[in-house]
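Two versions of one and the same chain are coming, encoded as structure tokens; call them structure 1 and structure 2.
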Structure 1
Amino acid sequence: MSRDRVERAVFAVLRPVVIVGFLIATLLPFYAMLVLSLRPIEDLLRRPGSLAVDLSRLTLDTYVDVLRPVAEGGQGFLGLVGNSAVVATASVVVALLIAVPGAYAVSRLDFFGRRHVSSLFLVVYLFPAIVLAIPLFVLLTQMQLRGSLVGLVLVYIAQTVPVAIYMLKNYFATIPASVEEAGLVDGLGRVGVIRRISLPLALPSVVATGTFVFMIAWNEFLFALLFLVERRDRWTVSLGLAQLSGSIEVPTTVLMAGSVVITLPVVLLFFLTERLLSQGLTSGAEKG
């Protein structure tokens, strides 16, 4: 057998093995989390190591407990999901409103220091979050925004706008300048070119960037803990899950149900935007 045939035969065997291995490593934790969240605590205590599904014994009581308000004896996750949705959505909208014109300016307009702007935008990520936490804490306290969702949104915007501009800039650079010049010749202003030509063409990258910002705002823990710990009614889902995991009085089934509630919105968002997301993440990889 030739070397090429041997390599093809080896890859033909390894490819399904590797794919199945990755699927198991990826899906097994989610499967275990879902099964544990649906099992009664009595069944879990009798069979703690079993992941077998007995459909007759599955229950949604743990989800009712997780979503029920704290005043009614629940964990109050419904309110936490609402807070996180407000923070994440506001962060995405404002970050994109700033990043889209900023990225367009960096990729299309000539100004002093243009070549170094992208590097300067990413400098903020050279500093650990804990280094920025103290000055942000002092600043928001002086602005009387500590303990408010508005202050947390401002922190997330400051964190995500630089990388959003960097991601969008690469895509705007791949759009032919002749298309925009044709729009200018037809009487469009610079804002009209962005709104009617550049932005529709850059939609995959905008969706990918918005999803990235949403996931950061949805999952972030340190700044949420720092600025909202004193206001239980304004906690986000990451703080609620941390409280569940740190309490010995909370059953494992409730903890897993809380994990499912936190994970489900991000998974749904990914599947809804998967086509545009896959295009946006590879945007700017090639030119010409």
Structure 2
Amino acid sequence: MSRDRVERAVFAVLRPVVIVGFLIATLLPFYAMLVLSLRPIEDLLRRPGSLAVDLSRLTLDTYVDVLRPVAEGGQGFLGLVGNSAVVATASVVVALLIAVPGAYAVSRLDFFGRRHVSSLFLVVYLFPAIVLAIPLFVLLTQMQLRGSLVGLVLVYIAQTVPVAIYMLKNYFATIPASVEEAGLVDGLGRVGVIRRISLPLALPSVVATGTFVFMIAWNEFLFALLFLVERRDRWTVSLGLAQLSGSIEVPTTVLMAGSVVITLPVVLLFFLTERLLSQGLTSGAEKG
């Protein structure tokens, strides 16, 4: 048998094995999260190795416990979800309001320093949170914005706008300039062109970018920890889960329910926009 035939046979077997292996590795932890969140804690301790779903022993008490307000003996996650939703939504709205005109300018309009602006954003995008954390911590303390969600939103906007501009500008570049020129000839100003012509055409990209910003703001942990830790009523869900996982009184299964609560919105949103999101992020890579 030739080497070619052997290799083909090996890869033909290997490929499905690899794919199944990756699927198990990526999905199993999330499946475990869901199953464990539905079991009573005694059951988990008695049969730690089981991931089978035993319908007779399923419970939703863990969810009741994690979502109920602290005053009623729960963990108050409903309130934390509210905080996260406010923070993430505000970040998306403001980041898009800032990034859409910025991306348009970088992609379409020729102005002095346009090239430098792009590398500036790249640097910001790559700069690590931990280095920014200290001065921002000091700054927000001095401005007495620590413990306020506004400070957090400001940080998230600054961190996401450069990526948002990068994603949007690649999309704006694919819109034919002639369409916009027609609008200019018809008497629209630049802002009118953006609002009436370019923005509707770029809507898929705007949705993808908004989703991306939402995920970053919803998932963020370090700044929430630094700015909000002393204010329990302002905690975001990520911070809440991290804080509670350190305490012995809260059963693991309840915290698993909390994990499901914070993961579900992001994963749902991701599946709805997956195609757009992947395209937006990698649009530079395809050209090589």
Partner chain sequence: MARTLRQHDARTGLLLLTPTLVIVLAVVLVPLAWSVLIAFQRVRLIDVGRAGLFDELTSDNFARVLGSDVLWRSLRTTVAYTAGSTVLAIALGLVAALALRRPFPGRSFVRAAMLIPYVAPVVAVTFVWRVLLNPEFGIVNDWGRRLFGWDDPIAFLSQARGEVTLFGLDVPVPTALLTVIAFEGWRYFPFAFLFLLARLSALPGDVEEAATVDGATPAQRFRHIVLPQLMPVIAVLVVLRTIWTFNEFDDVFLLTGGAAGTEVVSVRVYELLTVQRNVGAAAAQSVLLAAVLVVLLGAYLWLLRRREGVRS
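Each form is matched to the other, and the largest set of C-alpha atoms that superpose within 1.5 Å is called the rigid core. Just so you know, these numbers come straight off a predicted model, no measurement behind them. Numbering for residues begins at 1 and runs along the sequence of structure 1.
**Student:** Which number, 1 or 2, marks the form predicted in complex with its partner chain?
**Tutor:** Pick structure 2; the other is not the form predicted in complex with its partner chain.
**Student:** So with the rigid core superposed, the C-alpha of residue 14 shifts by how many Å between structures 1 and 2?
**Tutor:** Displacement of the C-alpha, rigid core superposed: 5.0 Å.
**Student:** If you line up the core, how far does the Cα of residue 127 move between structures 1 and 2, in Å?
**Tutor:** Displacement of the alpha carbon, after core fit: 2.5 Å.
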